[in-house]
Structures are given as C-alpha cells and as structure tokens.
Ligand SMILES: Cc1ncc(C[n+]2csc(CCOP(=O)(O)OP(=O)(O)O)c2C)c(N)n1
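Next up: a single chain in structure tokens, the form predicted on its own.
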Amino acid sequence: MAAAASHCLLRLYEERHELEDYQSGVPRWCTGCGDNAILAAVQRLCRDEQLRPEKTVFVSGIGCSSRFPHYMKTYGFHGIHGRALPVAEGIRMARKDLHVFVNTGDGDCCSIGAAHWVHAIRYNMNMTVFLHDNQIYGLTKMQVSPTSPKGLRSNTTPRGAFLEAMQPLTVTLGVQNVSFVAQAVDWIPELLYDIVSAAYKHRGFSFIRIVQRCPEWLPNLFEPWLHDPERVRLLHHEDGLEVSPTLARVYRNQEHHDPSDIDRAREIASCIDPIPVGILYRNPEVPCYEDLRETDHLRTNEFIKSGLEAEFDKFTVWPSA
C-alpha cells in the first residue's frame, strides 16, 4: 500500500502539463481585446514554469479583466469590486506554498481599490499583479476611469474628462517598500511574456501595468503607438530584459536602464510618449510581509488541528460519568 502511494506521488510530480491543461472555457472578451494577449502570455508562463494547477490561484475583482480566473484551469477567486488584493493577501498569509496571481483593472485597482493597492505595495507580499489598463470602464459601457486621458469624452464625461490621468507607475514607485515595477503593452507579445516571466520569478510584490486596447469603446486610442515604433521606448539591461535582434530592428528607440536605479525609474515612469516598455525597478532585498510574520509557524499542522478540535469540542456531547 505504501509503495502504491509513493508511486502515485512520484507520478504526480513527474507529470508534465501542456498549454491546454491551463485553459478553461472560451474567453468572452471582445475580438481584439488586450485581455486575450495577457491570457495567452500567462498560460504560456504556467506551462513553461510547470506550475501545478492545484498549487496556483488567480484572484480578481470586478471588470472585464476580472473574468480572468474563469479562463484558467487553476484555483480562482472572483471577488468584489476593488478587493482583489486583500483577498490575495489573505491567501498568501494562509498558504505560502501557492503561486498567487492577481488580475485587476484601472477602475478596480486605481479607483475603488486604491487604498488596498497602496498598502499592498507596502506589504510586499510574494504575488504577481497584472494591472489591465485600457483607460476606460469597459464592462459598464464606457465611463471615464482614473487613467483616462484628459479630454476623453465618455458617458460620464460627455464634455471631456477634466482631470489629468493618474499614472499607475509613478504612484507605485512612490510607495515605501516597492520592489518590482514593470510596464508592457499588449501588441508586443514577445516582451509581454518576458516581463510576465520576470515578474513571476521576482520574490515580492511584482506589479505590471499592461497598456491594453479596448476595441469596443476606445478602438483608436493607441493606433498612433501601434503604427509608429519610435513612440515605444524599450528598456533593456543585463539585469533586466534583453531585446531580441528581431525586435531591435523594429523598435529602435531603446534605453539601457539599470532597474536598481529608482530615481531614473521614476523619471521614466512619468513619460507618456514614448511609452516605456520593460522593467523600471527591481529590488530583491525588500522583505516580504509574510516572512516577517513567520506565517509558517502560525499555520502548522498542529496549530490547525488544535483549532479544529477546540471548535468541535464546543458541540461535543460528552458521556456522563
């Protein structure tokens, strides 16, 4: 019996997962939506890193991007608006053995969830966070979001948005304990994957802002950047990303940027045109909150067993002496 159990355990760890093992259902996003490119990159990451589906969890809030867990054949938690990060933090505190990913939108993260976003950066818990930023509320049919450009006409701003757009990169880089900040665009899939991979391998709060297209409500917003490669600045470094020769021939606007230089990272983050793509900042020395709290000691098997028994004892009918 013991031999059979050992054989099953060995088979479990030797099993190789293919791309299809992470695909669940047919995505209902619009044709051309940037969420499709993000999903493809993440599923490829799971396949290449051989993440066990039962050890992987995706957490989301509300919005087009937040349908992401439905299309991953892993564990998932579809939370309420703006609360994806605290849910993910709770999972991380209780189960340090899980790979935790968060998918959130520019409204979900930067508006109703802004306070959770700021404190999640401070905690620096080990998770990978994708900010799907299409600069509009898409699921609720075209309302202005915090990252919408000034002057954008929407259902809530028919005369044009009055405020300058929030810049998620500069906000993130301004919070204490920030440890990883990157930016990708959905129309360069090679770099999108490389950035997602680097974020996953970083231990800490890995924040990726992904500039993505919304073909339904803002079909032409990023057209100038798509058709003019000079309006995309690629960040490369031996401790960051390496640009392939093929991409280098197309995207010649490049900068050799050291991701340990937070001052330069903040300067780059404030640039809107050209769009910077790559790793802006990385500091692997920032401690993770779950390590500071020593959650492994708080959630031992003995601790869990004693807690369960204490609860069961409340309802136990003991035989009279």
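Predicted model only: the values in this text are computed from it and were never measured. Numbering starts at 1 and runs along the sequence shown.
This protein has a second form, the form predicted together with this ligand, left out of what is shown; the following refers to that one.
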May I ask whether 63, 107 and 139 all come within 4.5 angstroms of this ligand in the model of the complex, judged by heavy atoms? yes
With a 4.5 Å heavy atom cut-off to this ligand in the model of the complex, the contacting stretch among 158-166, 236-244, 87-95, 129-137 is 129-137
Is there a non-hydrogen atom of residue 171 within 4.5 angstroms of a non-hydrogen atom of this ligand in the model of the complex? no
Check: Contact between residue 122 and this ligand in the model of the complex at 4.5 Å, heavy atoms?
Finding: no
**Q.** Close approach of residue 153 to this ligand in the model of the complex, 4.5 Å, heavy atom
**A.** no
In the model of the complex, does residue 81 come within 4.5 Å of this ligand, counting heavy atoms only? yes
Assert contact residue (this ligand, in the model of the complex, non-hydrogen atom within 4.5 Å, options 112, 221, 198, 188) equals 112
